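The chain below stands alone and is given as structure tokens, in the form predicted on its own.
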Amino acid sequence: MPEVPPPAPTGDELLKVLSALGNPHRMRIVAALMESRNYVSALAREIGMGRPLLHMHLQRLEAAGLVVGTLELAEDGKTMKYFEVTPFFYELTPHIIAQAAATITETADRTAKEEAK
């Protein structure tokens, strides 16, 4: 049976994904998580970034649906949050961008204006 292509993203979804991936640190985080899932402290050491900054980037990636975090109990009883990449596929063509642009909401417009400040 032929594989069904994913539905075209809405304008808001596409803006979230492109915004999340429009940062070199976040692209490096996705690349590191492609190797294996990891918890914040280990990932911070691996990519050479402070935990608070890494956590902020992970939140942006998670909000865009590109990574997912799960809480797990370690052997020593500590709760650790592991992150991994979620499977995703986006095709960008002028036609898809035009379709997405037609669905951009006022909320996305306001968010873009606030981020531009």
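Start at 1 with the first residue shown and count on from there. No experiment lies behind these values; they were computed from the predicted model shown.
If you look for the form predicted together with the DNA, you will not find it shown, but the lines that follow are about it.
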| item | value |
| --- | --- |
| Partner contact for R37 in the model of the complex: the DNA, 4.5 angstroms, heavy atom | no |
| Partner contact for Q59 in the model of the complex: the DNA, 4.5 angstroms, heavy atom | yes |
| Touches the DNA in the model of the complex: P87 (any heavy atom, 4.5 Å) | no |
| Exercise: H25 in contact with the DNA in the model of the complex, heavy atom 4.5 Å | yes |
| Partner contacts in the model of the complex for 76-90 (non-hydrogen atom within 4.5 angstroms of the DNA) | D76, G77, K78, T79, M80, K81 |
